[in-house]
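Given next, in structure tokens, is a single chain: the form predicted on its own.
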């Protein structure tokens, strides 16, 4: 099984590339979706957040006001770190179970779409690591247009993350999303070809079929050994 890491920065276009993988039939585990699920009303993650940040971050229906919580954590690094510490175990477990379900289905290649791939050290479990990069000017413009925020607010949100240029330097594959969607799609086709290459023997052993083969070979070996001993 091949676990492909996909990450980037805010407004870099990571979701666009993630959707291209889905359209190509490659299963994607989206950490943002997992994160939303683990903070639904009544869950363990929800209880931790309410205890830490108070009832003022709740909507009338009791669900967490993600916009309000985002404003709080993006303006205060210590609170952002607190939120990450509270949710990290829940998100990691959620990602693990999503991978396990796809593994049981026999999927050979799985993309892990994780914004904090490097921050959570999950890049150690993925190969290759794909970073969706965009130049700083375009990143700010897209973020301001997308969220209707000021240039200062956009810059603050960008500064709250690891530098995109640093992530680029750590990547195995870089997709430059500074241009048009067609440009990105052209780059994606080459990336898709690379991640779809035949699995290495180590990756095959990690797949469901590989494990079944190992178990069957071991069972046959044991039976033959027992026969010879009789």
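Remember, it's a predicted structure, so these values are computed and weren't measured experimentally. Numbering follows the first chain given and starts at 1.
Missing here is the form predicted in complex with a small molecule; even so, the following discussion is about that form.
A heavy atom within 4.5 Å of the small molecule in the model of the complex is found for one listed residue only; from 111, 154, 129, 114, this is 114. Between the small molecule and the residues 199, 28, 69, 174, the one pair within 4.5 Å by heavy atoms in the model of the complex involves 69. The small molecule in the model of the complex is approached by residue 80, whose closest heavy atom lies within 4.5 angstroms of it.
Residue contact check for residue 35: one or more of its heavy atoms lie within 4.5 Å of the small molecule in the model of the complex. Residue contact check for residue 104: none of its heavy atoms lie within 4.5 Å of the small molecule in the model of the complex. Although the partner is absent here, residue 84 sits close enough that one of its heavy atoms falls within 4.5 Å of the small molecule in the model of the complex. Within 4.5 Å of the small molecule in the model of the complex, a heavy atom is found for none of 50, 58 and 90.
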